[in-house]
Structure formats: C-alpha cells, structure tokens
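Only one chain comes next, encoded as structure tokens, the form predicted alone.
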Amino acid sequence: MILEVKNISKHFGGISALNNISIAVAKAEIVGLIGPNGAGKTTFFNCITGIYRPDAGKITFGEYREEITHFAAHRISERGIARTFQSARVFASMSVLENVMAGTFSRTCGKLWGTLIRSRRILEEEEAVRRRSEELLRFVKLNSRASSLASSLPFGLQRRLEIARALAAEPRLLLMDEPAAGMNAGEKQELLEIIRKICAQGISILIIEHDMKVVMGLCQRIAVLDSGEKIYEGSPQDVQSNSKVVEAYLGKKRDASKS
C-alpha cells in the first residue's frame, strides 16, 4: 500500500468529525470515498494533507511506510501527495500556463541568489518547467488556452487546470475532492478519461465524489463514511447493494441500481 491511514480521529470541540477511520490505497489504484454531506470526507483529506492534525491514529506513506501523521502540509507535498479542492482554486490573474508552472514549486531547487542573477542553472530549470507544464496542458486538453487568463476559463475547464497543476508537483498519490461537481455529461466523460490515464501512469488516486455514475464507473474500491464513521468498504457492486450504504447515502434500496 502506498497510503495507510489507521484509526484516525479528529474532533472540533465536542464534535467528532472523524472516529477511528482506517483506509488504505495501493499503487495505481483508484479508491472512492463517498457519504452524505457532513460525513467527514473533506476533513479526512485535510488530515492526510497536513491542513489538520489528527487527534489520534497514524498515517504512513510510500514504499517504506514513512509516518507523516504530523507533517506540515509542504513536507507532505514534497513526499508526493497532491490534491484538488471542492471549489476549483486557480490563480485568477495568472495565465493558464503560469498556473501549471506554479504547481512545480515543490520540485524546483533554485536558490534566491541564483534566481536574482538569472544563473544558467535557473534558466535551464525554468525552461524545463515550461516544457513540462505545456505537456500537462496537452494531457488535460487545455494547450490551446495556455495564454488565456485562468479566470476566463469556464468552470469545467478550471477543474482540468487544477488537475494539471496538481500533476505538476509529480505526485505519487492524488487526492481529488468532488472533481465532477458542476460538470455536464460530456465534461464528466472527459474527466473520467483523464483520471484513468493518470492512474495508468502509476499514480494512485483517492477520490471524493457525489456522482454515483462517476464513482461506480471509476473506482476499484469504495469506502463509505457517515457521521464521521466508516460504515462500509468494498467493491462498487457490493456498495450498491449494502443496506447500510443504501440507507445512509444512496436512497431507497429500489433506487440504488439507478445511481
């Protein structure tokens, strides 16, 4: 497993946001995380990425199972974990290309003095970053918009831009928080293709998503949260037919097959 989260708990005052949650993700695996609003899904992501520190439990990452439970966010990013957010977060006043280039920050090694004097090493590094960013824009089919302001992109394309920027950090694990939200059917299909191609490159993916067609068509395993508890984990087929999941999230049992 590239990621192992064991018995994570997180409290805010007297409220238990996460209670004893354990989830693992293997290399090049797509795992879904579903549940109703307020189930604790984004809080779980925030604990993995260092935005929150868990009150209990352990998080390990990588082939050597390095413990990252209390690492700062930038150290976790350096280890190879990247994420996207519920609402697309782009640098509105920067170009599409510049947004992706900004995602390489944790992977560049130029020092302040070299940057100021525009050393040969810095210039070569900048050129490599530009080439890689252009490749990523082609990968998410945004290369024709490279010089456009990020704020000019429609919502669905901003989502793709955020994915390209996350990939610029060269992650081994990508956390995606509701990437299909607000997309039409055609945009969702293109998103599925992009995610599958990411996984085919050996990158593991943990995805929060409310669209059951996206989740069921994409994930090898699905974990279900409800009120901060993990109530089930299994294959998409098992999740659809599990009575606890149907009651907590999917609606009436007779409607589960339509999701």
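Residue numbers run from 1 along the displayed sequence. Remember, it's a predicted structure, so these values are computed and weren't measured experimentally.
Unshown form predicted together with a small molecule; subsequent notes refer to it.
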item: Any non-hydrogen atom of Ala17 within 4.5 angstroms of the small molecule in the model of the complex; value: yes
item: Interface membership of Thr42, the small molecule in the model of the complex, 4.5 Å heavy atom rule; value: yes
item: Residue contact check: Gln86 to the small molecule in the model of the complex, 4.5 Å heavy atom; value: yes
item: Partner proximity in the model of the complex: His210 to the small molecule, non-hydrogen atom cutoff 4.5 Å; value: yes
item: Sole residue of Glu178, Glu187, Glu125, Glu98 within 4.5 Å of the small molecule in the model of the complex, by heavy atom; value: Glu178
item: Selected contact from Gly217, Pro36, Gly234, Gly62, since only one has a non-hydrogen atom within 4.5 angstroms of the small molecule in the model of the complex; value: Pro36
item: Region of this chain that lies against the small molecule in the model of the complex, out of 62-70, 187-195, 24-32, 42-50 [heavy atom, 4.5 Å]; value: 42-50
